[in-house]
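One chain comes next, on its own, written as structure tokens: the form predicted alone.
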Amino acid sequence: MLAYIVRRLLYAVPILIGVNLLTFLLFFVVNTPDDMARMQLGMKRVSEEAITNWKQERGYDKPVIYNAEAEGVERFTETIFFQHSVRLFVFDFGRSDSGRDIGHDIAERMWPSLAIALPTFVIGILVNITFALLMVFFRATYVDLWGVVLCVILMSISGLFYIIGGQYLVGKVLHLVPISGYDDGINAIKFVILPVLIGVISGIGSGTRWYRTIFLEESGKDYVRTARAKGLSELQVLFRHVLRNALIPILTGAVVVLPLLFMGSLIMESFFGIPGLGSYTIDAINGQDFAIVRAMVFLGSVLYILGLLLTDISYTLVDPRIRLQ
């Protein structure tokens, strides 16, 4: 098992290096520090002195990769590449272009993101699997038919409709929960109920259809027919055989999403005024804070690779034969 994990980690290293290099090229070669300064200060009537001061305040005045004026190791460390790219590998995110500590902001904002994303993820999986098993149990009946029709309808509706409609109905008409905002501690519950509810409902269509397809594929295999021939009830077949053997494709969609829950939902947090990482990224893009955008791109890559690693490990727990591959 340890060798398997180490091998998967080694596979992830070149991917992460490639993402980091690509991000660096996009921000500092294609889009130079002078371009960033002009966009931050305003394209018109920007003096060279203002651009120089802006770059000096943020450490963008150094050479890109190699500092010929420095001596020894500083020829490589006193560069934009080392200060703003290599340090990301030790999760030293530095300071934003507005002067804030990015690491502190991430540690503070990930909790509101988790407060929405984690319940939505757990409740969504349970609801989708339950509905999918119900449709498979009553397959080829009106329950299955109208269930598929309802899923297609739910899939065809834009996510913005759920958000705006939910805010209007639950918040404005019924006055059950606040439309937007956030609070700490137990008071946060009233602010996350509506986003979680909308997140679960908006994902029922695609999630249920996907799980239904998986369960139907497993239901047609030989081991299921053998279980039925032995006299097992349909419920026993579904829960003891079909659900258990469908765990690998289920884990593929579930485990890989877990680390990304920290990143939050860009649209959901923006509409509901949740101070999470999703709204943090949107605000950075709108404010052209390139340091934050770079940090969030790198963090997203790390979390996604971690999700793939967790998926591979979970495969070995479900199917030990995979350890030999």
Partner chain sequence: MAGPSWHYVRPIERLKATSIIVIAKLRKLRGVLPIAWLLALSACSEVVLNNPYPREEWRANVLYSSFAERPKHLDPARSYSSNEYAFIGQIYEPPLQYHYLKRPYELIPLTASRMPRAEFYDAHDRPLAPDADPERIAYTLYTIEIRPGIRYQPHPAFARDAQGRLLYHRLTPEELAHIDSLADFAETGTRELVAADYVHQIKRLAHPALHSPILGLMSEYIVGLGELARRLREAPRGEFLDLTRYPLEGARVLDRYRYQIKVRGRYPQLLYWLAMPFFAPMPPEVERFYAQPGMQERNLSLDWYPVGTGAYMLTENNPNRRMVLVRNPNYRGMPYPAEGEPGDAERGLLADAGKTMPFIDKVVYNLEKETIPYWNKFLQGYYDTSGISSESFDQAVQIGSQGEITLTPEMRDKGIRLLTTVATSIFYLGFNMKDPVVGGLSERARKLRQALSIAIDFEEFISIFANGRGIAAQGPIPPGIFGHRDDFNPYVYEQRDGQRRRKSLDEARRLLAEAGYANGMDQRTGKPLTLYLDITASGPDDKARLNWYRKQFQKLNIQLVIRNTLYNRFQEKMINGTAQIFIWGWNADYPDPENFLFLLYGPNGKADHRGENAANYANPEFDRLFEQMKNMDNGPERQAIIDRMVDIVRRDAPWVWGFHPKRFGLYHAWYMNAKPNLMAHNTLQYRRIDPGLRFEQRQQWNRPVWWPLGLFLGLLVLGTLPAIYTYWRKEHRPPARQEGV
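Positions refer to the first chain, counted from 1. The term rigid core refers to the most C-alpha atoms you can superpose between the two forms while keeping them within 1.5 Å. No experiment lies behind these values; they were computed from the predicted model shown.
What comes next is about the form predicted in complex with its partner chain, which is not displayed.
When its partner chain is considered in the model of the complex, Phe298 lies well away from it, no heavy atom lying within 4.5 Å.
Its partner chain in the model of the complex comes within 4.5 Å of a heavy atom belonging to Tyr182. Though the partner is left out of this view, Phe215 does not reach within 4.5 Å of its partner chain in the model of the complex, counting heavy atoms only. Using a 4.5 angstroms threshold between heavy atoms, Glu69 stays clear of its partner chain in the model of the complex. Put simply, of Thr226, Thr130, Ser158, Ser98 only one has a heavy atom within 4.5 Å of its partner chain in the model of the complex, and it is Ser98. Proximity to its partner chain in the model of the complex, defined as a heavy atom within 4.5 Å, holds among Phe137, Trp210, Phe76, Trp111 only for Phe137. Stretch 167-175 is the answer when you ask which of 218-226, 244-252, 167-175, 122-130 has residues with heavy atoms within 4.5 Å of its partner chain in the model of the complex. Along 266-291, a non-hydrogen atom within 4.5 Å of its partner chain in the model of the complex is carried by Ser270, Phe271, Gly273, Pro275, Ser279, Asp283, Gln288, in order along the sequence. Put the two forms on the same core and the Cα of Leu232 is off by 2 Å or more between the shown form and the other one.
A displacement of 2 angstroms or greater separates the C-alpha positions of Met36 between the shown form and the other one, with the rigid core held in common.
With the core superposed, Gly287 shows a C-alpha displacement of at least 2 Å between the shown form and the other one.
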